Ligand SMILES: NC(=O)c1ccc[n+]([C@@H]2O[C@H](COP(=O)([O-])OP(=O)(O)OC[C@H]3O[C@@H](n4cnc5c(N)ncnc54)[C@H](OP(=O)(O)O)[C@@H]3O)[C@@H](O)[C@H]2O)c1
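Before any questions on binding or motion, here is one chain by itself as structure tokens, the form predicted on its own.
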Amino acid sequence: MKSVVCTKLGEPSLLEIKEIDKPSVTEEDVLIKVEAAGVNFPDALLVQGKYQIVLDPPFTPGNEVCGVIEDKGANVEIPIGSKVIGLPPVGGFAEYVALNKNLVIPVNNDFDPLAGASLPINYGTTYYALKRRANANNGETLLVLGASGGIGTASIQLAQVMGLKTICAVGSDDKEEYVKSLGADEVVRYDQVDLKETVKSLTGGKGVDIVMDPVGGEVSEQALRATAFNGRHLVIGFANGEIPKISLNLTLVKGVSIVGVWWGRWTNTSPKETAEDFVELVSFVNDNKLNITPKNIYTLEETSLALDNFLNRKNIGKTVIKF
């Protein structure tokens, strides 16, 4: 089978496409024939050795897939031929991946594999952040930083499902056009205007209830200053490359909570709640409340380009590899 292999840590251009053996399964595993694999910013960090977890090469990156079960172990009840979403720790950028039965989510056989491969990380993280970390309530206002990215677009769409008003911060014309097409209520061009003052103006001086922050850098403090009393600032990541140093007096005078969101670790410690969230997310798709359509579709051979576009902040919307 074909697989993307990181043979040494460094730029995505160092990745190789190799023919390797199809993985075998244990009694607790399933073997998935991958139809699509989601690509995320952490994948680009992982192959460089810059992620929270550093792996020794060789390894195959990728940890969200959608496909069909081709083989299974004796202790697996899901039938062969079932379509599933899978969350492999690594190995997703390959034609086949084996993973534990507890890391798969069965879906209808007509479930779009591109949507399935897009759903776990971006929508799982965002839903966990809004539902469980921010305790978001219908009618609240959400400021989305980096609104045209994977977390940003998931935030816009899930905000609509959850009854939140969105103020979306972007830095270019094409990104503004894209978030408007997803239903953003307000758009702030933080390359043209002062983020804090504009957000305050859009909220009648109150500020926003929740900030979704996968960006970091100097905009994080501006966003924190634009929150309402008892606001929640959700820290998702640092796509900007700079980890901000926040003045803690802001949390005191504004009554703001800075809330860390590490979805991956939470899924390991709270499998029951994770399963509940996925049931709800899949139902949103099946009930046409959530339309997940990736904007960037690459072949396996274009994986390096896909990861480079994350590092260069060229990606708009969700990215997937289609097999």
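Don't overthink the numbering: it's just position in the shown sequence, from 1. What you see is a predicted model, and the numbers here were worked out from it, not measured in a lab.
From this point on, the text means the form predicted together with the ligand, which you will not see here.
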{"item": "Non-hydrogen atom within 4.5 angstroms of the ligand in the predicted complex for each of S148, V215 and V261", "value": "yes"}
{"item": "Which of 73-81, 163-171, 97-105, 224-232 lines the interface with the ligand in the predicted complex (heavy atom within 4.5 Å)", "value": "163-171"}
{"item": "Partner contact for K175 in the predicted complex: the ligand, 4.5 angstroms, heavy atom", "value": "yes"}
{"item": "Non-hydrogen atom contact L119 with the ligand in the predicted complex at 4.5 angstroms", "value": "no"}
{"item": "Proximity of G237 to the ligand in the predicted complex, heavy atoms at 4.5 Å", "value": "yes"}
{"item": "Contact label in the predicted complex: S220 to the ligand, heavy atom within 4.5 Å", "value": "no"}
{"item": "Contact residue in the predicted complex, from L290, V256, L45, I69 (heavy atom within 4.5 Å of the ligand)", "value": "L45"}
{"item": "Heavy atom within 4.5 Å of the ligand in the predicted complex - qualifying residues of 181-208", "value": "Y190"}
